[in-house]
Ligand SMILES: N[C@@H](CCC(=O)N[C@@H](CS)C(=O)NCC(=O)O)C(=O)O
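First, one chain by itself: the form predicted alone, in structure tokens.
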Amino acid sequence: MKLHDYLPSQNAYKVRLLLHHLGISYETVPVGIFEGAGQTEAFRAKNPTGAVPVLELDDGRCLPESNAILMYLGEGTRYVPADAWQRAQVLRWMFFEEDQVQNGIASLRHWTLTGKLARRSREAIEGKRALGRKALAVLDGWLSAREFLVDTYTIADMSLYAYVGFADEAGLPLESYPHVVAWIARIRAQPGFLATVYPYAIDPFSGNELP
């Protein structure tokens, strides 16, 4: 299979993390998103939104959206519960990630690391910070009595870790959320954990706005 990927993307990292846990080999297809490669006709045939990651199967079928890819790859493994209630809990936290984490921590981290804060309004920045702090507070409370988001380490933890684990880079210090910090440490101690992440600095075009 192929993973259409942009290496600094933590959404794509989520998928790489699960693939690493599962020991699945794949081909990386780089996509220069800041250069407009995601908006070409050929790529938008794979994902109409033009975003990465996209998983392309050997038969040519393409699956976009990182959380959908996690669910597909995790099916039948230890990382997706068989029990319907537990599966629903996994999905609950992945929906939370898309709504609260992506719109807060992820966006703010992207703006910070690519030098875009100066181009954003104070209201927009403070809105992202408030949403990020709210998400971290919710997680800290939930994790105060649990090792992982659901009973065991699942794709829900992988999904949220991708950006929550780097909230400091968004200007949201994690020291105020001790239970989140402990959860991050537990994730990084998991067998098959993928520690490698890539800075935006490897892409000279990352300071551009996405087309």
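The first residue of the shown sequence is 1; numbering continues from there. What you are looking at is a predicted structure, and each value in this text was computed from that prediction instead of being measured.
From this point on, the text means the form predicted together with this ligand, which you will not see here.
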item	value
Answer range among 174-182, 22-30, 147-155, 47-55 for contact with this ligand, defined in the model of the complex as heavy atoms within 4.5 Å	47-55
Residue 1 within 4.5 Å of this ligand in the model of the complex, heavy atoms	no
Residue contact check: residue 98 to this ligand in the model of the complex, 4.5 Å heavy atom	yes
Contact label in the model of the complex: residue 169 to this ligand, heavy atom within 4.5 Å	no
Heavy atom of residue 102 within 4.5 Å of this ligand in the model of the complex	yes
Contact test, all of 16, 111 and 208, partner this ligand in the model of the complex, heavy atom 4.5 Å	no
Contact set, 7-39 vs this ligand in the model of the complex - heavy atom within 4.5 angstroms	9, 11, 14, 33, 39
